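The form predicted alone is given below as one chain in structure tokens.
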């Protein structure tokens, strides 16, 4: 189909597993003309009201969707913020602009709600690179370990976990587990896992996965860009390789990157995460300059290609279509729901308690094997 591109992604090498699909595809919808964009925005506003629906949009999707979510009483956020908002909002229908695991997480938390997505083929390389059967075998080989999985995983993988984390709460949760004497089995992102391991000293066994966007940031090119902008501070997502993290002035989740950009006195930044973040960074910091961190050398066709092809599949026309027709409703196997919800609920309870000032040491139960 027009606009379709092939996407290669990391294969898991741990436990002898291999992804059952070696390539995925993505198609980016065409940019609507100004008149069409305005008409679609009006149509979506009307359909949201008619369907008792609310939007949540990830920081990495098209600015049109981020702006529309905010303008209509929805949310733009990271996956943890999206999970909280979807669970707590009274709307009967939740429209998730992001990738498929985000829609599945919303359905797990709100099984009675209708969860719609602009495109059900919007996947994630971390999810695709952690097939449930291979991951389950990996867990079975290490029954003494507490299973901690990143949000970027399927419902079936979540159902095999003891804890779910996002990049905004992973450090605190793993530190608390380690303090309770637990050994960790971590999946799927190896860079984020290694970062947490370094920061917490936890005993962690890592699945070998990576995000196709963050894995491509190059330290030697980032160093060259820093020399061109010596006053710039470097903000890095922990899904990036360790040598890129080593050049950072701040490392953290999308929410942490936004906070750092607001609070740092610097007027110029280099940002090593998906370029979709630049919309919110620039909107929240109009007097500051943001550069995309480089993903490739001089011979490449683009200097920074840091945008998830699956996030780019979310578009206004498909959003309007699913609201009008009810198409692209997310479903999760009912048999998985209770087990998949447990690690999510643990994460949400942990983060809520931290926000309320409760000590992390008291938030972790002594879990048995999954």
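Small disclaimer: the values here were computed from a predicted structure and weren't measured. Positions refer to the first chain, counted from 1.
The same protein also exists as the form predicted together with 1,3-dihydroxyacetonephosphate (13P); that form is not shown, yet it is the one meant from here on.
- When 1,3-dihydroxyacetonephosphate (13P) is considered in the predicted complex, only one residue from 163, 195, 186, 101 comes within 4.5 Å through any heavy atom, namely 101.
- Put simply, of 295, 245, 146, 167 only one has a heavy atom within 4.5 Å of 1,3-dihydroxyacetonephosphate (13P) in the predicted complex, and it is 167.
- Stretch-level contact check against 1,3-dihydroxyacetonephosphate (13P) in the predicted complex with heavy atoms at 4.5 Å: of 107-115, 216-224, 231-239, 282-290, the positive one is 231-239.
- Although the partner is absent here, residue 152 sits close enough that one of its heavy atoms falls within 4.5 Å of 1,3-dihydroxyacetonephosphate (13P) in the predicted complex.
- Residue 78 belongs to the set of residues with a heavy atom inside 4.5 Å of 1,3-dihydroxyacetonephosphate (13P) in the predicted complex.
- For residue 62, no non-hydrogen atom is located within 4.5 Å of 1,3-dihydroxyacetonephosphate (13P) in the predicted complex, even though that partner is not displayed.
- Residues 253, 254 are the members of 247-266 with a non-hydrogen atom no more than 4.5 angstroms from 1,3-dihydroxyacetonephosphate (13P) in the predicted complex.
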